[in-house]
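Given next, in structure tokens, is a single chain: the form predicted alone.
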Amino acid sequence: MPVSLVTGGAGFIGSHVAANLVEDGHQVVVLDDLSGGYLENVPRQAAFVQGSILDQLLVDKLFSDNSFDFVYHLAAYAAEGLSHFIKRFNYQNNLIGSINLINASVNHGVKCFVFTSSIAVYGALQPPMREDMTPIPEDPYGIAKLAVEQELRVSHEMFGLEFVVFRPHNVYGERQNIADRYRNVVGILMNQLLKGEPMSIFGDGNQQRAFTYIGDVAPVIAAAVRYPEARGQIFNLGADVSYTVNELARIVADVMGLECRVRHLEARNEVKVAFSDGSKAARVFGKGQTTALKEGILRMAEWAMVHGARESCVFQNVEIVKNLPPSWASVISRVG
């Protein structure tokens, strides 16, 4: 029985990957600090360790005690827009924590390191983004993700560490943290509707994204280690049909049976159109299922309405306040 570590396994994508690994016969250990996830998300068959990937001693002990065959690294703070204003926090959590895991993987002979990167590495390149494009990230979050990708490449060249990198985009579905006001637009809109508030949209709402249902991507990530041809490769992962944020808001309200009330906020600095080409992943892993946006939104809405609204958390200790979007600046605290 393979032994696998899933970081961020109490979070959204990580918990679904952990569940798929359990179904595939893996012995799973979940490491999560519960800063953005919930203990209820962890599969009951998995062993749970509460802690941070920044705790090098804890990470090293976990690897020594468990002899992991595979590492699935999904722990991250994935707030692209906010990352401009929390640079130190971003690089510590999304880069330095990843290095702790890579070091331990090399030292303990891990067979394959599966890393969840992001479409954010592409920045404003012309969509659909392809893996053979030269990434030009436009925010610190994308920069950190790209740095980890490059570190995996050189760790393979120097130490033989096998890896697979996925670049998913705009994933939504059951168990998403709808309390997070800075990331995951589907969850934000649903939580606002559940609280009787208008849906907040930055700018004119014509930003285009391809929204990806969790059930279409988690099984692929979990199965990656079974495909020798995937080793050393980078794959886009997600839907290839784009929608505007305005269209998304109408679908969410319609599915939840609520009035589509929208509040347009001041535009923020973000990529206008972003979606990727998933043909490479389809060639290696097979076409797989593709859930229509309205069907996926319906499944998530049914889950969200059972669990109810969650109080939105305010990010503490912002490092830079210059050019912070006004809607964030009014409810946010500054470091020091």
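The first residue of the shown sequence is 1; numbering continues from there. Predicted model only: the values in this text are computed from it and were never measured.
Missing here is the form predicted together with a small molecule; even so, the following discussion is about that form.
Asker: Is it the case that 10, 76 and 118 all touch the small molecule in the predicted complex, with a non-hydrogen atom of each within 4.5 angstroms?
Answerer: Per the other structure, all of 10, 76 and 118 touch the small molecule.
Asker: Exactly one of 183, 250, 108, 87 has a non-hydrogen atom within 4.5 Å of the small molecule in the predicted complex; which residue is it?
Answerer: By the 4.5 Å heavy-atom cutoff, the listed residue in contact is 183.
Asker: So the small molecule isn't shown here. In the predicted complex, which residue out of 191, 170, 83, 236 has a non-hydrogen atom within 4.5 Å of it?
Answerer: Looking at 191, 170, 83, 236 one by one, just 170 meets the 4.5 Å heavy-atom criterion.
Asker: For the interface check, one of 281-289, 49-57, 263-271, 307-315 should have non-hydrogen atoms within 4.5 Å of the small molecule in the predicted complex; which one?
Answerer: Residues of 49-57 come within 4.5 Å of the partner.
Asker: Are any of the heavy atoms in residue 296 no more than 4.5 Å from a heavy atom of the small molecule in the predicted complex?
Answerer: Outside the cut-off, so no.
Asker: Is residue 122 close enough to touch the small molecule in the predicted complex, meaning at least one heavy atom pair within 4.5 Å?
Answerer: The answer is no: residue 122 has no heavy atom within 4.5 Å of the small molecule.
Asker: According to a 4.5 angstroms non-hydrogen atom cut-off, is residue 35 in contact with the small molecule in the predicted complex?
Answerer: The answer is yes: residue 35 has a heavy atom within 4.5 Å of the small molecule.
Asker: Given that the partner is absent here, does residue 72 sit within 4.5 Å of the small molecule in the predicted complex, heavy atoms only?
Answerer: Heavy-atom contact with the small molecule at 4.5 Å: absent for residue 72.
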